[in-house]
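Before any questions on binding or motion, here is one chain by itself as structure tokens, the form predicted on its own.
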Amino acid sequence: MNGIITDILSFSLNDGPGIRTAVFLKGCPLRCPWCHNPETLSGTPQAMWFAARCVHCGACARACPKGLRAEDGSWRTDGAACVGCGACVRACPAGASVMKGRRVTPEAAAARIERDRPFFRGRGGATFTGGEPLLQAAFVKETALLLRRRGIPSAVETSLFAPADAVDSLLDAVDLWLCDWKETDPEKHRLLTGEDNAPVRERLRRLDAAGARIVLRCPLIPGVNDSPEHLAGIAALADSMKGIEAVDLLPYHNIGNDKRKKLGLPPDGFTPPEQGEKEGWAAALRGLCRKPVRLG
């Protein structure tokens, strides 16, 4: 029942209505190359290196059983080989090596979220994100039910690439579903994420049939998935389901690259769009879609 999380962060303004407290869960079945939370992809703890804190003593290099760290503290090879043993963290005298990923009980998570209740003001609440929260559906459900008893609503931000029973298990615990739609063309979706989008479409229809409140969230990366065909696909999908209340366009930003460096991973190679390009996407989609379109 315990969850494996990277963080619980207050005052999130982009993860549902109002002011939210975001719970970031570890583990994701997809491998979107633009991911801005790469520290949540692995389902197990892993080390991150904060160069600004490093005193270059070489303690982490001597401690790492895999030989992944150089004498100056930097990653010698791809940090994806990190096994999360924590040896570098224990050896570091400066706090430059930090373990991302810890276990937390539903009770502890709910108590932490309740501290932020004054900021919710009847509109905000908790958002379970990641990573893919549905991989830890039992933890999410128990925490969300504890919050509901305290009058705090919950949202789940999800790719919906998860077993149908995980979706079903949360229907009576979650108040709002923030569902990703990354690419309309199935083959292109597979090339970009490693998986087909047919299960995602089926889970969306499952939520809609159950009467769930849904916001469709669409990351757009210039030159990758910003085609007119995909925008038309977003509109068709949104308009086909009564439960989809709005479409949020999420233009690519490069905040993930700083995290990738800390994890010993190469940059993702993408460029953020200009404001005019973002507004063009929104205008084009508003011309196709009957549902509200919001530009993130």
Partner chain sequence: MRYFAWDDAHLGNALEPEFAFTETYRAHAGDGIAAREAACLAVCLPASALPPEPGDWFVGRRKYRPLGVSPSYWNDETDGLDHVSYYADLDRLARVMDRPDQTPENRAAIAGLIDFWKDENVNAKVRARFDPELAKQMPSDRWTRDSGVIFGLYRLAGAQLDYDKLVLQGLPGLRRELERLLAAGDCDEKQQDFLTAELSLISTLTGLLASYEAQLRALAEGAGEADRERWLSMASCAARLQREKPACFQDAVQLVWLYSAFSGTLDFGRMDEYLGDWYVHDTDAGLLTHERAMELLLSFYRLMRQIHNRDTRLILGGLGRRNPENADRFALIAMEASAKHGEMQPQVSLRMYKGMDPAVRRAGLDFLQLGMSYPLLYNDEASVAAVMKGMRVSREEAEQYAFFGCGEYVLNRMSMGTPNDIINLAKALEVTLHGGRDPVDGKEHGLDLGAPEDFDTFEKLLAAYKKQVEYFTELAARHQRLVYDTVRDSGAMLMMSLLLKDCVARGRAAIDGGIRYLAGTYETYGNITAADSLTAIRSLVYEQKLLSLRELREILDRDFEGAEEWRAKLLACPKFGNDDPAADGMAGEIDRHIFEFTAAQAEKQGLSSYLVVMINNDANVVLGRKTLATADGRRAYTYLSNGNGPMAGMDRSGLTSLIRSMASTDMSLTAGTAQNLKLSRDLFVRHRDELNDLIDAAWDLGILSLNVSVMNPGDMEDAMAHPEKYPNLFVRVGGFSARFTELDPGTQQDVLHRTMY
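Just so we're clear, the structure is a prediction, and the values are computed from it rather than from any experiment. Residue numbers count along the first chain shown, from 1.
The following text describes the form predicted together with the partner chain, which does not appear among the structures shown.
With a 4.5 Å cutoff on heavy atoms, residue 211 does not count as touching the partner chain in the predicted bound form; it lies far away. In the predicted bound form, the partner chain sits beyond 4.5 Å of every heavy atom of residue 149. At a distance threshold of 4.5 angstroms between non-hydrogen atoms, residue 296 is in contact with the partner chain in the predicted bound form. Contact check for residue 206: no non-hydrogen atom falls within 4.5 Å of the partner chain in the predicted bound form.
Every residue in the set 19, 55 and 94 has a non-hydrogen atom no more than 4.5 Å from the partner chain in the predicted bound form. Of the stretches 109 to 117, 216 to 224, 165 to 173, 127 to 135, only 109 to 117 has residues with a heavy atom within 4.5 Å of the partner chain in the predicted bound form. Taking the partner chain as it sits in the predicted bound form, the stretch 165 to 202 never comes within 4.5 angstroms of it through any non-hydrogen atom.
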